[in-house]
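Presented below, as structure tokens, is a lone chain in the form predicted on its own.
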């Protein structure tokens, strides 16, 4: 049995980013760039108006006041998407809308609140300032500038910038192909009636949601009976199609826990089995070719905890995320109430942390059983009680890991 630190190190040591691939921009959201991206155009693409108003020459407006406005002849109206047909010359101007091209000869835009239109003349009541209300070509980026560098995550803002710069596709690290295999003769899909001795499969749904938060679409298998041949068929097929295989249940030492021996029959190389932690002690990790295989305990709280602490970082590393950004955000908080625990194992407790006048405090929630999910729903973090401590008194400083869906998660 290994420590939680050794388990995470062994998993991450086996992970390499996937082979970069070119994807259409709309498909690349949330991915990580595998190379620098250059702008296809200058940004802005041309000199344009930042306001609705009138394109003028500064020198024609220098004597304008509210009481003695300057009269200019309006030559045309220019709106966004229209190419100006006439330039602006001495004592003339053009009506212009936000986003429209600045006509040749104009060097500033007078906002419409400082002008009055009378037939084909415009009365300017304040002097213009050269360059005022103009967005200049290339003031943000020039064509062929590096706009986003390798390793950048394609956030909504990054996606908008790439589109703005005319980038239709980019080279990114791929999303993993994840297959989730729930095992257990007792499992039934939600929505169906339960028979005696049956329970609903919840692990597929919590894992699918957690994987989906990473922008990955998992393939969920139907619950598989505790039958060696059935499990073998599902696992062997998944090993050929997936980069990450997650098997739920049947990984401990019970008479019907076949998964570990089935994985051996499938020639999966065991990296480790059993971690000194609660919950989730029988966690399994192995490799076969490109496939990373995780065997998770069947209890739902154990399953989700092991995903957050071990599988989530593995998936993010495969997607090209920097290793400093793949773990749950860690903080130190003061324990509100004492917690009983056994020594020689690390305990991950579902907890709620909040900022107070005295600093960050954390309260371990009631109902910590590995079969109980209500405390997970009410938690915003995991309080980590180290293996070398036997009972932890109130006022102790403990590490916490913020859960990804937490409103306090930074």
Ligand code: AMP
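Residue numbers count along the first chain shown, from 1. Here the structure is a predicted model, which is why all the values come from computation and not from measurement.
The form predicted together with the named molecule is left out here; the points below concern that form.
Which of 194 to 202, 324 to 332, 214 to 222, 227 to 235 lines the interface with the named molecule in the predicted bound form (heavy atom within 4.5 Å): Stretch 194 to 202 is the one.
Close approach of residue 280 to the named molecule in the predicted bound form, 4.5 Å, heavy atom: No, residue 280 is distant from the partner.
Partner contact for residue 257 in the predicted bound form: the named molecule, 4.5 angstroms, heavy atom: Contact with the named molecule, yes.
Non-hydrogen atom contact residue 94 with the named molecule in the predicted bound form at 4.5 angstroms: Judged by the heavy-atom cut-off of 4.5 Å, residue 94 is well away from the named molecule in the predicted bound form.
Residue 339 within 4.5 Å of the named molecule in the predicted bound form, heavy atoms: The answer is no: residue 339 has no heavy atom within 4.5 Å of the named molecule.
Partner-contacting position among 286, 297, 313, 84 - heavy atom within 4.5 Å of the named molecule in the predicted bound form: Spelling it out, the residue with a heavy atom inside the cut-off is 297.
In the predicted bound form: members of 151 to 188 within 4.5 Å of the named molecule, any heavy atom: Going through 151 to 188 in order - heavy atoms within 4.5 Å of the named molecule in the predicted bound form - the hits are 182, 183, 186, 187.
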